[in-house]
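Before any questions on how it binds or moves, here is one chain, the form predicted on its own, in structure tokens.
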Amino acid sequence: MKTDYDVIIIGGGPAGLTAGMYLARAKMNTLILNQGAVGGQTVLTHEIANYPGVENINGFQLARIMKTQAKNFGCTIKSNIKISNLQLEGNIKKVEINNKNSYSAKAVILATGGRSRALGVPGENDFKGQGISYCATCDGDFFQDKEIIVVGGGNSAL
């Protein structure tokens, strides 16, 4: 049976885009499906200063570069889609999007990333990436020698 693609990647964040780049460079016909804007949480990051080889860049710029690289290597990217059905059993996998189009491939990679849990407090959305951070490991250095408030429970707050 003929497939539409060799590999379908579900998730267009850094992991999905990187997988797509390597697969496309290996001459695999690759489709990346992403729910929202391509780039994942990276797009929401005000400043990235710990990405190897790049001293400083904002998340939107880095995501745009990654997307361009993936496309230049030959990936097909579809964003702002909703996966409505997955059939992952058997030799041919099927992915249905938006309750209408379906794509088939020999393999599916799940690179669905994560989401930060918002507090839902007034002003939180206004200051995301501009003082409110959801990753102490990623962003802690930006707040060195400043007064901070840590919200969370157990090891997630530590």
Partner chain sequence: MLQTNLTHIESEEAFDAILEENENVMICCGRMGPMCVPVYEVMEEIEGEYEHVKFADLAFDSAHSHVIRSLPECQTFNGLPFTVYFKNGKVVKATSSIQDMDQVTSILDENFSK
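Numbering follows the first chain given and starts at 1. Values in this document were obtained by computation on a predicted structure and should not be read as measured data.
Beyond what is shown, the protein has a form predicted together with the partner chain; the following relates to that form.
In plain terms, the part of the chain that comes close to the partner chain in the predicted complex, with a heavy atom within 4.5 Å, is 31-39 out of 107-115, 48-56, 31-39, 87-95. When the partner chain is considered in the predicted complex, Tyr103 lies well away from it, no heavy atom lying within 4.5 Å.
With a 4.5 Å cutoff on heavy atoms, Leu44 counts as touching the partner chain in the predicted complex. In the predicted complex, the partner chain lies within 4.5 Å of some heavy atom of Cys135. Contact annotation: Thr68 falls outside 4.5 Å of the partner chain in the predicted complex, judged by heavy atom distances.
Taken together, Phe60, Arg64 and Gln130 are fully in contact with the partner chain in the predicted complex: each brings a heavy atom within 4.5 Å. Contact annotation for 61-84: residues with any non-hydrogen atom within 4.5 angstroms of the partner chain in the predicted complex are Gln61, Arg64, Lys67, Lys78, Ser79, Asn80, Lys82, listed in sequence order.
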